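Taking the form predicted on its own, here's one chain by itself in structure tokens.
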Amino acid sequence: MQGTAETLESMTEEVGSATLRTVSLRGFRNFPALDLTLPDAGVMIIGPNGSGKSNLLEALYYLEIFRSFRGARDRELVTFDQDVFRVSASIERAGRETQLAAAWQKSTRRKKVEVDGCEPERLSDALGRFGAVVFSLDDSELVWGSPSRRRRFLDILLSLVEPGYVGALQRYRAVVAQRNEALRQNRLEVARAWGEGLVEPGARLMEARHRWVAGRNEEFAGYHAMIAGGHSANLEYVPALGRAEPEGPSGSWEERIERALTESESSDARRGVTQVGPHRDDLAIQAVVDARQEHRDLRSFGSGGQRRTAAIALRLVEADSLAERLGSEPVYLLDDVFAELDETRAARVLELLETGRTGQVLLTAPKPVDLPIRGGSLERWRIQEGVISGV
């Protein structure tokens, strides 16, 4: 455990941290208009459920991926009786300030993104300019939910940290849609041609996923052990093509995709859908959950607290991946992060957030909590029905 802490201290000394300076919301959820200047260390936002705490963090993280981390559609984010929402912020990193803005108009269904006042050629060019990681109470669903939740986690993170990933993902999804349409129309030759187009982007996605999971497994296990008091855990990439390594008897990713598409062609034609490929992958999250000291898949085994522990460890690994890509520590958005944790595990999570991490923290809680996070320097603001006081 000490080795992990020393690694974190070394990493954050090198990369420094980012600071969210100002935030402006217009027509977002229950915020008709809100303008804030954030303290350097961060702030604790206190309010009852339904007051807008999570909505505020949702608005901030929108500037990272330009979609809701809660899975809501853009039209659901617009304040009632409004046509447009707009979120803007200034972020300082390494002495340089970046202005980010995103807006969506209900009547035209148009999204507009700006970086320093200019609209990028592609929305994907602006992904990850904020540099934030969000810890949500719903993160437990990453562990016990459907494979699509874990694929979404991998796709979002790798789109932020892996050059070329988002382009490969867009190409792959477009070709899958075309192949599925051809299958539904029973145009098998056309479907076969589209299948050839799946090989290159599909292999790129699977290679990136495999490399990230394998490279971060030890780090994840270390964080999990620190939170869980020594209990081990691991991540395993589970491609829909089978668990075998990409090179060796099973062949390269490209060869495996080609072979799988050929083998499933008849079945795909009957069902009218592509059944193999990275759109069917999963991420296995396993941990020791009982006295037998065997790793069990937490989707099927483990308590709510054990799943919550794994989810927090996964988010800490995400934060480290972002820090390496950005060259600066991310902003930490903690949405009631200590809920469902016993006092001992909560203290260990707090230690991990404090050891070697100096990034700005925005923490929400339903009631005041005495947490010495950032040395107890966080200001305390209250929120009620979208109105923030104590600023």
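Treat the numbers as computed from the prediction; the structure is a model and nothing was measured. Numbering starts at 1 and follows the sequence shown.
Although not depicted, the form predicted together with adenosine-5'-triphosphate is the subject of the following passage.
* Asked: Quick one: is residue 67 in contact with adenosine-5'-triphosphate in the model of the complex, heavy atoms, 4.5 Å cut-off?
  -> Flag for residue 67 set to no.
* Asked: Is residue 78 close enough to adenosine-5'-triphosphate in the model of the complex to count, meaning some heavy atom within 4.5 Å?
  -> Because a heavy atom of residue 78 falls inside 4.5 Å of adenosine-5'-triphosphate in the model of the complex, the answer is yes.
* Asked: Does any heavy atom of residue 30 come within 4.5 Å of a heavy atom of adenosine-5'-triphosphate in the model of the complex?
  -> Residue-level check for residue 30: yes, a contact with adenosine-5'-triphosphate.
* Is there a heavy atom of residue 355 lying 4.5 Å or less from a heavy atom of adenosine-5'-triphosphate in the model of the complex? -> Because no heavy atom of residue 355 falls inside 4.5 Å of adenosine-5'-triphosphate in the model of the complex, the answer is no.
* Asked: Just one of 52-60, 320-328, 347-355, 33-41 has heavy atoms within 4.5 Å of adenosine-5'-triphosphate in the model of the complex; which?
  -> That would be 52-60.
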